[in-house]
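First, one chain by itself: the form predicted on its own, in structure tokens.
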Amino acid sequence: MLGNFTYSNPTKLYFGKNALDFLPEELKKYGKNVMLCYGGGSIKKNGIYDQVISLLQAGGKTVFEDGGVMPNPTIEKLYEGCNIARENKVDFILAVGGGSVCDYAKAVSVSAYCSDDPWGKYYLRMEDVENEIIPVGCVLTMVGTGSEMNSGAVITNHAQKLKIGHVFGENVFPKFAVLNPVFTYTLPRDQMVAGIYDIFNHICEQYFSGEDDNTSDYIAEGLMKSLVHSSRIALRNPTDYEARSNIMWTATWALNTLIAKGKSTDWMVHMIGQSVGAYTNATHGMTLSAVSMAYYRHICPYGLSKFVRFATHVWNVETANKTDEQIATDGLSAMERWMRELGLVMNLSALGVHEDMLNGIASGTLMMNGGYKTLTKREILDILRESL
């Protein structure tokens, strides 16, 4: 490993069927006023809401609800949450839901007492947090983002046609996260597979960079193989506990900063996908799947040796009598077959994207330089057109 780094992850995890039992002990560490964030109401249908409310009330907490967090949290919703937090002098924010709810809770935590406009400060200028931060905890009901064990928070500004993520410092990580795989059973199939691909692409974003013999890449390969294996079982039987628990655990390790250590990282699929999301409000994992194959085929020649390794180590591609280019191509084809097996969206037109949007999407794509090639806007347009 050639890179120099420090590593710390302050989030405490409770994992398993009885994970929620530990919530009362964690809540004792924080003040009386708790802001409860959740999404569209599915937690009220599956019983998770009642369980959480019961524990909050038993702990003597005063609960201020902030429901209706959308899959791509908007800046308007962020302002609303900040008002709730300030007006009620919230001591703690509990996010119950998937990655969007966790992202939103972290965004509120840093924005509620921000003296500046948080959109400008954190998402346009990417400045550090200088104000009071409200602590956050997560009860996970959907897996994919890894938001339960990192400091990232993605917010969408539809008026500006921008969807931007800010990775904050260690002080913004959730204080704890409750991970019960059973809580993910009631997810609709399309949400489950979108989350699975989000996990896979998180790993790819950190894997397709660098040339050195890096331990992080070996960990990434193991996570990818586990995810592919468990995804196929979960497709056949969505309530297979072992498969869903492995998927949930892989999601956390895919983006809790571990496998990025000692190397550069790419993130261009996410940048393109997020820009697509700003124009379409499409499901995040599906925006990634729609552009991935065009992007990876575009950069493959610039990182050929890693794509060969990906083909052989992750997809078990046979190498006899093949050139490196053929091996790499076969690896990407194996990946595409698996994506189609999951039932992912494989082109942008299925998400409502049309030719007139492409220039705006390309302009709204943040350019990163950690992968095998720093793209130009023209290349982004080419990738978008190939993805239509």
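Throughout, we count residues from 1 along the sequence that is shown. Just so it is clear, the model here is predicted, and its values are computed rather than measured.
Unshown form predicted together with 5,6-dihydroxy-NADP; subsequent notes refer to it.
- Checking 229-237, 187-195, 311-319, 169-177 against 5,6-dihydroxy-NADP in the predicted bound form, the stretch whose residues place heavy atoms within 4.5 Å of it is 187-195.
- Within 4.5 Å of 5,6-dihydroxy-NADP in the predicted bound form, a heavy atom is found for all three of G39, N72 and V154.
- Taking the partner from elsewhere, S292 is found to have every heavy atom lying beyond 4.5 Å of 5,6-dihydroxy-NADP in the predicted bound form.
- Taking the partner from the other structure, 5,6-dihydroxy-NADP in the predicted bound form has no heavy atom within 4.5 Å of any heavy atom of A85.
- Residue contact check for D266: none of its heavy atoms lie within 4.5 Å of 5,6-dihydroxy-NADP in the predicted bound form.
- When 5,6-dihydroxy-NADP is considered in the predicted bound form, Q326 lies well away from it, no heavy atom lying within 4.5 Å.
- Screening P118, G137, G99, G81 for any heavy atom within 4.5 Å of 5,6-dihydroxy-NADP in the predicted bound form leaves a single hit, G99.
- Proximity to 5,6-dihydroxy-NADP in the predicted bound form, defined as a heavy atom within 4.5 Å, holds among S363, Q51, N347, N46 only for N46.
- Residues of 250-288 that come within 4.5 Å of 5,6-dihydroxy-NADP in the predicted bound form, judged by any heavy atom, are L255, H270, Q274, H284 in sequence order.
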